[in-house]
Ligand SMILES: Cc1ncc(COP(=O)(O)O)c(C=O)c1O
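Encoded as structure tokens, the following chain is the form predicted alone, with no partner shown.
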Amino acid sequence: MEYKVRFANPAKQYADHREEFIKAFDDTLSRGAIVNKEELWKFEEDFAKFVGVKYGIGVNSGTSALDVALQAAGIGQGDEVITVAHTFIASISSIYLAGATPVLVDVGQDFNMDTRLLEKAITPKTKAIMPVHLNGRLCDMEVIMDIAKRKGLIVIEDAAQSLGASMKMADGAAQSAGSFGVAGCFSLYWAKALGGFGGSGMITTNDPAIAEKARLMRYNGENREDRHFYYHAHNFLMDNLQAALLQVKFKYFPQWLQRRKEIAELYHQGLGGVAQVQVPHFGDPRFSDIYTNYVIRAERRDELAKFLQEQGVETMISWGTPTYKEPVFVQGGMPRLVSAGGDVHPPAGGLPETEKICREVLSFPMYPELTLEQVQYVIEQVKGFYAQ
């Protein structure tokens, strides 16, 4: 159907910067700079500087970033990694693929890891915590890093949706997503706040050993200087052309983040008084959210989504089914679930907040090219639905 307000609009962004994209494309390909060249190195350097770390390692997706980071950090057979159930399946699958066992804790009102459950989830087998910074909001990294330090655990951040998000620490300094743990893993999928033309990703770290291992592991384990292979690994390298095109977008990224915050505030003002809707503004001044997604919790969510579609507003439900109820888990390999009451037995009982969120979440259009008129149209339709 023809939407009045698209959920995402990459064509508009391309049109706005078309000449710059074409120039980057032509400059890169006319030099034959296809793989592992200056465009990638420069983008990695600028990305690391933006996050506030020493190293950036470009890969072909956010999933690959998680795969490489976990293995580079030494996560493997017999280890447990604590993460959340309310996340894209890749967060959990990457733990399985590293040979480790995921332990899933419930989330809080802000969709992120309920840090009160962390110590309940730790066992002698626990080796790492993987916080997932969802929708452009950080987990409470002050608490997570304190627990990790006390318990001797590794922290690997799933920062796929949080590039540019930050939080103010106890010393007053702001720290960015991807700069807390031994590694941060970002998705640069086309629909993200900074998205390529297809799939790309980035690993960030301050650890030179992890940076070096990740560089080799993204390229079949090969050191391109001495031409020897040091690991059994996959080809996860970011294409040089993707890096060149992402670098064009990266120039505009700070102003795009500001525009996202402006749009979020418009939604907040317009929907804050609708009793049947909870908007994602949580009132904690420590956090600077970037609203990769604008996700509400709504009564009669499915009816609202259907109504908005009929009115020409494209929305998305992420996710309507708890991950642990997906066939891949139901058929075998069910992870351990930890709620406020401790381990969930049987697992089919689920995690209360995760279950509730899956029934209520709805993502609204959120991208810098949205106009005031389009945002107001979405708001009016939501109000109209609940006024019926």
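Note that this is a predicted model, so its numbers are computed, not measured. The numbering used is simple: start at 1 and walk along the sequence shown.
Just so it is clear, the following notes concern the form predicted in complex with the named molecule, a form of the same protein that is not shown.
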At 4.5 Å between heavy atoms, is residue 62 in contact with the named molecule in the predicted complex? yes
4.5 Å heavy atom contact, residue 182 and the named molecule in the predicted complex: no
Residue 259, heavy atom within 4.5 angstroms of the named molecule in the predicted complex: no
Would you please decide whether residue 253 lies within 4.5 angstroms of the named molecule in the predicted complex, comparing each non-hydrogen atom pair? no
Contacting member of 193, 132, 167, 263, with respect to the named molecule in the predicted complex [4.5 Å, heavy atom]: 132
Only one of 104, 160, 113, 156 gets a heavy atom within 4.5 Å of the named molecule in the predicted complex. Which one? 160
Name the stretch: of 104-112, 80-88, 223-231, 274-282, exactly one has residues whose heavy atoms fall within 4.5 Å of the named molecule in the predicted complex. 80-88
Can you tell me which bits of 200-214 touch the named molecule in the predicted complex, meaning any heavy atom within 4.5 Å? 200
